[in-house]
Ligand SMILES: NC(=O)c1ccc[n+]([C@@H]2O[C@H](COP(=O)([O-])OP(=O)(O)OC[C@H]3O[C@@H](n4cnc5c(N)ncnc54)[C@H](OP(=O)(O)O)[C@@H]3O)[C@@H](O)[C@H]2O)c1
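Just one chain is shown here, as structure tokens, and it is the form predicted on its own.
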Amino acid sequence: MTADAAARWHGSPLTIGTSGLGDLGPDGDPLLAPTRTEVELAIGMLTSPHRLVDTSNMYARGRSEAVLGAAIRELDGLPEGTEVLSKADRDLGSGAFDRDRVWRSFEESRTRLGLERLPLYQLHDPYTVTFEQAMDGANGAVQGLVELRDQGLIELIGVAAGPSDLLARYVRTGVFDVLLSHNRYTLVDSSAGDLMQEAAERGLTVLNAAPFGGGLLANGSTNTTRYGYRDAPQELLDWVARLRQVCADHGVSTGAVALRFSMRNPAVRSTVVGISSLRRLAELDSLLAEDVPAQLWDDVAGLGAPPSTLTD
């Protein structure tokens, strides 16, 4: 990791996530041209006050990047101060995730986005290879990222995944500039907290993704019964119902509290929030404007430990 990586981070407290942008579902055609609605959403993302937009090679099987690329062309380039971050992904057909695949992933991302270089490219969900394979000095995926950085095609390299034990192994290599953890630092699961603190102390920039746990902790999601891509047990749903009542008693929305929980952690440099519509994008500013009283945190603590569904 470069010694001044954290100092060179020029992000914003909130990052727009694009995992749902261009998503056609399991039977959709990833090569289908972006729709007008998709491009308008992407333009909204790129022109919002939150100037970081995070995507991935495999989001919607490439359509997320393609839609962003269409919006960038329509805007005649990125707005001043706005940056797009992306991620290297395994080959969706074979599962291959080595040095050559990282290079191909980058070229695919760069072509779709229409950008010559990226400020951050991340090793994303490296679950089809072992840690040892990914770190192979000659053929590993991490070698590909290091080469991209050394050649100036990317500025920073990161690792983005869920399980904290796996992420910790990558963080402790000293190779990475950025850590992105998802679904492990929310109101119902703060298991990544220690790792985030360690990463920050090591000089990495820490990003926390999915503060709403996939929707269970967002506003208007009382009918959502999944957390972190899994069905939530009844005891967790009951705990969240009590949480919603505490928030209501203080006159603040659950979504605002969930967002603030992430943003108040000094180790977290930016919170990544997935956006699926222009309405949801507009709601972000409303959530940020809500006043969360200090007493609320004591009342939330009084609910006891939440029964998270995630076990790493």
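The shown structure was predicted, so the numbers you read here are calculated from the model rather than taken from an experiment. Note that residue numbering follows the sequence shown and begins at 1.
Form predicted together with the ligand: not shown, discussed below.
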Okay, which stretch from 281 to 289, 31 to 39, 66 to 74, 243 to 251 lines the ligand in the predicted bound form, with non-hydrogen atoms inside 4.5 Å? 281 to 289
Among the candidates 195, 142, 160, 120, the residue which, in the predicted bound form, approaches the ligand to within 4.5 Å (heavy atoms): 160
Please tell me which of 156, 210, 171, 188 lies within 4.5 Å of the ligand in the predicted bound form, judged by heavy atoms. 210
Is residue 128 close enough to the ligand in the predicted bound form to count, meaning some heavy atom within 4.5 Å? no
When the contact criterion is heavy atoms within 4.5 Å, does residue 199 count as touching the ligand in the predicted bound form? no
Residue 152 within 4.5 Å of the ligand in the predicted bound form, heavy atoms: no
Using a 4.5 angstroms cut-off on non-hydrogen atoms, would residue 124 count as touching the ligand in the predicted bound form? yes
Between 167 to 197 and the ligand in the predicted bound form, list the residues on our side with a heavy atom within 4.5 Å. 180, 182
